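Alright, two takes on the same chain below, each alone as structure tokens: structure 1 and structure 2.
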Structure 1
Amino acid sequence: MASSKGPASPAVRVAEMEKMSVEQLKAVKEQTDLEVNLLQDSLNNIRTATTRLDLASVALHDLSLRPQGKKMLVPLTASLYVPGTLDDSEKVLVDIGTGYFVEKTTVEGKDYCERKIHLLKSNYDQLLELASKKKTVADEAGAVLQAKVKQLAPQT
């Protein structure tokens, strides 16, 4: 299969696909469609994570502006808030994943968020390029498959 051998020109890929049977082409099309869907899911997850980190960075900025002793609602879950009092706006707990939290200053917390956002955007760009290439392969396989099916159809 051309897509697993690295970057092949579209003409070479199509020429290789034209040598395949209808069943092989269906398998290639289904596999690349599945890969495109998985990549799209990953892209959506990265967008969601980036949005959450952006919101966290803004929340850290807002938190740093509040005075000590300020009464506020503290989120325990996405839908459960409890009343609390701000003790120290310069120290925050940062969720670094898998249930681990690290105490950081608000500046360090914002820096952490910005670094993670930069990493996610880099990964997003790479996945977007890969998804585009896979989509092209899937479209080419679909076009070759349609042409083969049309050739095999009885002439009326």
Structure 2
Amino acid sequence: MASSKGPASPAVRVAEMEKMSVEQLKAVKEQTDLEVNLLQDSLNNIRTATTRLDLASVALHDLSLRPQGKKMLVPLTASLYVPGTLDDSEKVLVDIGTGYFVEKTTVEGKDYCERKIHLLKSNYDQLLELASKKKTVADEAGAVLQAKVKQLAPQT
């Protein structure tokens, strides 16, 4: 999945693109555009996940403030809530993936959320860098393509 355009400096890339025909250049630009779109989708997914984790962390904090025995409404489905009382707000079950749940305290739960958010943020930054590099290549390809097309036009 790694692109081979990594180590090439922009001047080298443009020089290589000049050597390519219009068809090849179009193919390169389409390919890079596709990759940029994929990366943007991944970035959006990460942003959504980070927001959800943030909400979870806030909810945890709120939960820890509630006294035991407090009356609450428990969701059974998206439109059905049942009255209940808060039992133990110290212990929470955390979904760590692949069907495993771990019992943690609210503090540990918040810590878990923070850790995950950090991990996602670093992934997001890495992806962002990659996406902007790809976008640069795509833009260069587009510019060289336009120049070539203009070159060919007056000849015909």
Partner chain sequence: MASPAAVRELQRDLENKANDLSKIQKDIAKNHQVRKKYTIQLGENELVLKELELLKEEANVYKLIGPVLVKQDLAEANANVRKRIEYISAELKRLDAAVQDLEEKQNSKREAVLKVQQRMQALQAGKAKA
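Take the two forms, find the largest set of C-alpha atoms that superpose within 1.5 Å, and that set is the rigid core. Here, a residue number simply tells you its place in the sequence of structure 1, counted from 1. Worth saying up front: this structure is predicted, and the values here are computed from it rather than measured.
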The same chain appears twice here, once per structure, so which copy is the form predicted alone?
1
C-alpha of Gly99: shift of 2 angstroms or more between structure 1 and structure 2, rigid core aligned?
yes
After superposing on the rigid core, how many Å does the CA of Val82 move between structure 1 and structure 2?
3.9
